[in-house]
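Here you get one chain, nothing else, as structure tokens; it is the form predicted alone.
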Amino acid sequence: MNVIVTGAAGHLGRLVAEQLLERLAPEQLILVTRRPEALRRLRATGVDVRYGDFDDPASLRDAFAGGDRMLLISTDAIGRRVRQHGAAIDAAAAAGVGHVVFTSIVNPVADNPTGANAWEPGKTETLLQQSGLAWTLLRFGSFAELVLPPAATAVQNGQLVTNNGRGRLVPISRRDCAEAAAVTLTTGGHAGRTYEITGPQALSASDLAELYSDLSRKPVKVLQLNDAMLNWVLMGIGTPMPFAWRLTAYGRAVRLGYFDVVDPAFERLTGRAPVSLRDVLVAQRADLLAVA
């Protein structure tokens, strides 16, 4: 069985490749990326590294040739992702790939306040389900590693500024997401299944502030703002307007419960509990305190 990983030079793609090499021989692994030069180390182990660009569909059929299962990692090209993912699904079918696993998000629905960040993965899910290929959906919660920058800022300022309200998020580490993907790609029984891959605990803004305070041994208080005020604050400190809007929309989605999903799927797939946000931050404690 040969396994393809798209977006293999990215953060998640590299972690998935490492996990797959614990389960497959190097010659069974095909890594597809726009930047093959970034994967020289993996190529040296015997892994097949190939060029493929979702914006160049003609490059994909050869890139996917010989693969049996494929991990389609969602791209970060907001506004183009449905077209890109559709091209990848079509190329996988043309190349004879039998089963595609797609990395989506929890609650990928049209009314999710994160907008295209949610509905584009949701549309891709539909394309894949209608493709005629065997499929599996991995709906990831918020990446725990993305909590680190705002956590470090909160520690530095002694204040967690948020519009989350009483909403909760359930962080999951990228490494755990990679392990879930690797297990799904290398074991049977997953066709037609949707897995919510989330961390072990739902955390409110108050929970997060308490955690940051405990790890830093400095008091961190919560300052709740409305959406307009948070957007104004973010742009006031130099955050580009589109990114400020995305951060505000994410907080609104948390407040409205779109990321409050705790599911046992990860433990059922891997046989162990997911790593907690506390453990992720402890492992990166130096970065958490670097700006303090």
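The first residue of the sequence shown is number 1, and the count goes up from there. Note that the coordinates shown come from a computational prediction; the quantities given were computed from them, not determined experimentally.
In what follows, reference is made to the form predicted in complex with a small molecule, a form of this protein that is not presented.
When the small molecule is considered in the predicted bound form, residue 53 lines it closely, a heavy atom lying within 4.5 Å. Not displayed here, the small molecule is approached by residue 143 to within 4.5 Å at the level of heavy atoms in the predicted bound form. Mapping the unseen interface onto this chain, residue 224 falls outside it, with no heavy atom inside 4.5 Å of the small molecule in the predicted bound form. Using a 4.5 Å cutoff between non-hydrogen atoms, residue 186 does not count as a contact of the small molecule in the predicted bound form. Heavy atoms within 4.5 Å of the small molecule in the predicted bound form are found in one stretch of 235-243, 263-271, 54-62, 22-30, which is 54-62. For a residue to qualify, one of its non-hydrogen atoms must sit within 4.5 Å of the small molecule in the predicted bound form; none of 170, 204 and 252 qualifies. This chain lacks the partner; the member of 81, 123, 175, 190 within 4.5 angstroms of the small molecule in the predicted bound form by a non-hydrogen atom is 81. None of 154, 92, 73, 208 but one reaches within 4.5 angstroms of the small molecule in the predicted bound form through a heavy atom, and that residue is 73.
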